[in-house]
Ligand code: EPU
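One chain comes next, on its own, written out as structure tokens in the form predicted alone.
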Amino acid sequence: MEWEPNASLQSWTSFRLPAKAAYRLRCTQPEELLRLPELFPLEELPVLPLGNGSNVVFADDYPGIVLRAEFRGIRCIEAEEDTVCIEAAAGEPWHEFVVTCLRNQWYGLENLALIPGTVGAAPVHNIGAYGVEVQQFLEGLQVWDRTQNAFYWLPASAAGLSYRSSLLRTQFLGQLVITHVRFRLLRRACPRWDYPELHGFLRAAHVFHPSALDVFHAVVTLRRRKLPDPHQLPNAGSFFKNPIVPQEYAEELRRRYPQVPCFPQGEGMVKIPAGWLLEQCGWKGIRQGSVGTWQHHALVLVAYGPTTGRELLRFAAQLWRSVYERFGIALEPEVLILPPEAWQPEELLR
């Protein structure tokens, strides 16, 4: 275990914003967490687990412990005829975990290839791409509870996973640290390639009966085409969630904008790509000072030079306002903004 007071978080996030934590802590073994009450006043300090910091914006300094849980290990818990239960430590790099699963013929996660971050962060944000979400395969989580100084298992149903969110990034933020995650994966490949962009890419490549490996390579290629490498250009991927609106409103939008993409979500709801909305408002490839949007994807905010969390949020608020004024849709951030109350777009624009 290593810790440092009043420590910079700049190198711990993909946006590389200048924020500090009251304490910055690294743990390599879950058992080290049990020592924290001896070392820190946990009744006063929240504990924020941070993977690769690839989906977070610090608007201010963090008044608690920012913890990097560098736990490693992947093992098979049980194998049944059709499924297998895999346990992975929270610090495992997500993409490498997906590769390991494919190598061992554990299927289901190939659509989630190349998503930055760690295994522990995946259920926190319920990561998803190309028609697949982590919640479809999540079985349970081992967590350390700051308030009890104890480990216990949470079933997936208790984690409250929803679209790009969970109770782990809302109600339990600052309280629970994930140490291990269990997934129920498939022993027989059942490739998902019905997502329009992925389907079109494979058909253009004359792949009409794709294997799981074909889907994996297609996803990697598509993500590299669309998204900037955060090591080269600081970003956190998609900044906003794709809004989900009532079908009646989507139909009204389609009458006004016949080209608007719509994806039925069931129960009378429709998903509309936030990137499309932002492009219609002219935000693709726009730069203001040190911040801007990626030239190939309006949904990706990037830092072209030194900036602050507040400056980035003020720019994001302009995007929010333009979409709201034109389409009547209030975009929600997909990135985790800390503190959460820093995201007040109307106030940021005053």
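The structure presented is a predicted model; accordingly, all values stated were derived computationally and were not measured. One-based numbering along the sequence shown.
The same protein also exists as the form predicted in complex with this ligand; that form is not shown, yet it is the one meant from here on.
- Interface residue remark: Glu279 is counted as part of the site for this ligand in the model of the complex, having a heavy atom within 4.5 Å.
- Under a 4.5 angstroms non-hydrogen atom cutoff, this ligand in the model of the complex lacks Glu139 among its neighbouring residues.
- Taking non-hydrogen atoms only, Pro191 never approaches this ligand to within 4.5 angstroms in the model of the complex.
- Contact annotation for Val56: none of its heavy atoms lies within 4.5 Å of this ligand in the model of the complex.
- The chain is drawn here without this ligand; in the model of the complex, the stretch among 85-93, 204-212, 102-110, 156-164 whose residues come within 4.5 Å of it by any heavy atom is 156-164.
- Think of it this way: in the model of the complex, this ligand has a heavy atom of just one of Ile74, Leu185, Ile244, Ala129 within 4.5 Å, and the residue is Ala129.
- Scanning Arg254, His199, Lys226, His217 against this ligand in the model of the complex with a 4.5 Å heavy atom cut-off leaves one residue, Lys226.
- Every residue of the trio Gly237, Lys284 and Ala298 has some heavy atom no more than 4.5 Å from this ligand in the model of the complex.
- If you take 253-276 and check each residue for a heavy atom within 4.5 Å of this ligand in the model of the complex, you get Pro261, Pro273, Gly275, Trp276, in sequence order.
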